[in-house]
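As a starting point, one isolated chain is supplied in structure tokens, in the form predicted alone.
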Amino acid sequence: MIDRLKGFRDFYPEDMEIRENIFSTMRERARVFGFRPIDYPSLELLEMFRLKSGDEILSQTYSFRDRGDREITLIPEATPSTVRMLVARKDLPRPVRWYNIPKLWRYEEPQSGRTREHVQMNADIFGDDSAVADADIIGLACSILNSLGLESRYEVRINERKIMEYILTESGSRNILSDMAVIDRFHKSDKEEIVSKLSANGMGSENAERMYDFLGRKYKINAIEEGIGEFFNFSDFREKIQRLERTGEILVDNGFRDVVFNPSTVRGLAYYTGIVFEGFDIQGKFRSIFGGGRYDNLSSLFSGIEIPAVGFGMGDAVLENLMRDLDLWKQKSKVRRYYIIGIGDAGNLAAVKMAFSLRDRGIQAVAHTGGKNLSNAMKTASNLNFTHAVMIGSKEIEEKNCTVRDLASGEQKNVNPDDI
């Protein structure tokens, strides 16, 4: 027996049907938010990811040299390919609103919610640097989760790069990126470790203690300025706070109320240029469900031209774990699926004809002509998750009817085949 590779997953029909419904929900919500689909190759030049993330990305890629001696990789993330497509077209009217749902690959140690191959919903807005665009991106992510039954089961934590840079500088930080990395582990490290590292980086023990207390807070959208003011002088960056509040107010005013300002949300701030956000389940059991932010300078690495951009990614692995935990990993409603059992030669021919007739009308149907007895055929229909079994033989053909059984309730009735 040959096993699958470590960190990769198989999906059987009972799970794949649910996954397809989830991806359909993502596509539909993206459509109503005005996003258009794109796609790109699974293989790209490795240099493109060096440009965005530096050499550290190399240790996580499935990369190789092809026969043309080029460094090639299976794509580990979506944004570089999206930006490559964007800058290749000078004729695109802006703002551009794109989404896609590709497979991505990273050679990491597999753990809960993290695999070496996963599917990820990505959405980006290019050419719009407004708070409305930021709110639209977060609103799309929230709308997807709400449509999947997760409303009130998660919260969105937002922060802003410039705000944190000002606060860290005011607190004496000598290495902002290093301190960001320390803060990123706020929920995974104890107080002594956090304070010690921040203090050693220039803050001193008093400022490091104050920073620790600040990082543990969450603030409602209309209280960001007041909350920061408890700890820091924010006069130099009031405008950034007001913009962040504006983004949050747009979301809250339009029904997305589970949004908070959280200073410890700093993942990716070495890359993002403005707002950064992550969605977490409210019980704190899992990794982030989605994450993203504003990255206005990435296009300049590819083309020399800076294009405002904001986007998010939502991976399938954490989403599945959360939905299973909440007993939401199931079909919302069963589509009618007919298993048509032919009895005798005439019944077999009639079953095949009925199956094709139903398919022509967009109804799922399979004809059973395997020669099993009726009891076994009914078990097969139930095991294969059909909703109804239809029985037809020479008698039914003569009387122009058939027997239809609801496999969930057991209810059975005779109907004209044309009335199914």
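Computed from a predicted structure; not experimentally measured. Numbering starts at 1 and follows the sequence shown.
One more form of this protein exists, namely the form predicted in complex with a further copy of the same chain; it is left out here, but the text below deals with it.
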Kindly confirm or deny that G149, A200 and V318 each have some heavy atom within 4.5 angstroms of a further copy of the same chain in the predicted complex.
no
Identify, from the list M323, I250, I289, L298, the residue with a heavy atom within 4.5 Å of a further copy of the same chain in the predicted complex.
I250
Pick from G268, G229, P110, P95: which has a non-hydrogen atom within 4.5 Å of a further copy of the same chain in the predicted complex?
P95
Any idea which of 234-242, 115-123, 216-224, 185-193 reaches within 4.5 Å of a further copy of the same chain in the predicted complex, heavy atoms considered?
115-123
Can M314 be called a contact residue for a further copy of the same chain in the predicted complex at 4.5 Å between heavy atoms?
no
Whether T61 contacts a further copy of the same chain in the predicted complex should be assessed with a 4.5 Å heavy atom distance threshold; does it?
yes
Please check if R84 has a heavy atom lying within 4.5 Å of any heavy atom of a further copy of the same chain in the predicted complex.
yes
Given that the partner is absent here, does E411 sit within 4.5 Å of a further copy of the same chain in the predicted complex, heavy atoms only?
no
Taking a further copy of the same chain in the predicted complex, which residues along 1-18 bring a heavy atom to within 4.5 Å of it?
M1, I2, D3, R4, L5, F8, R9, D10, F11, Y12, P13, E14, M16, E17
